[in-house]
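Next comes just one chain, in structure tokens: the form predicted alone.
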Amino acid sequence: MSFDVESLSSETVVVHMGEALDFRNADSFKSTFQAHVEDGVRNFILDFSETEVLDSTGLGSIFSLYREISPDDGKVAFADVSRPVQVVVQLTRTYKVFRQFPSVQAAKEALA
């Protein structure tokens, strides 16, 4: 499974997460963001509007991204978070690390 990535600028992309980020596709997510990090992207907006499953492996892959870009002042933002993902975010208190926005557009404006 690959992830649809929309480039906004040389430093910012939107990653449309699809139906799931879990043990089945976490490595694919890592490969996707790694290619963009190597190209100089530092801001990632993760669109969770269609995501029904986010497990610990998927969450771990997001933290891998965060650890890789945060030393360079990079940012990971969650946008349009679906109810199932919101439950995971609340239970894990991930909201303390990643900013959330009600829409991809709101995240774009904040990170621009």
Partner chain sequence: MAEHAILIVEDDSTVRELLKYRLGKHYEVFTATNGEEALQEIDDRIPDLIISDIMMPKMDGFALQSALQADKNTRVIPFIFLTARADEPARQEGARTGVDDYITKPFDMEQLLSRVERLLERVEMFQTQLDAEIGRDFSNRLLPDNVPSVEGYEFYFHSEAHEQGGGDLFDWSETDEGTYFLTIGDVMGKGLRAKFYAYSFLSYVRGTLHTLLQESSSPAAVMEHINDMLLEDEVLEDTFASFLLMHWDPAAHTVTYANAGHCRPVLLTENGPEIVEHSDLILGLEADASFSDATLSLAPNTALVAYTDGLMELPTTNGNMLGEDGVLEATATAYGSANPIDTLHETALEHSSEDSFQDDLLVVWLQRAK
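These figures come from a predicted structure and were not determined experimentally. Residue numbers count along the first chain shown, from 1.
Keep in mind the form predicted together with its partner chain is missing from the figure; the text below concerns it.
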{"query": "Option touching its partner chain, based on a heavy atom within 4.5 Å in the predicted complex, out of 25, 94, 12, 100", "finding": "94"}
{"query": "Contact residue in the predicted complex, from 49, 31, 57, 86 (heavy atom within 4.5 Å of its partner chain)", "finding": "57"}
{"query": "Interface residues of 63 to 81 toward its partner chain, as seen in the predicted complex [heavy atoms, 4.5 Å]", "finding": "63, 64, 66, 67"}
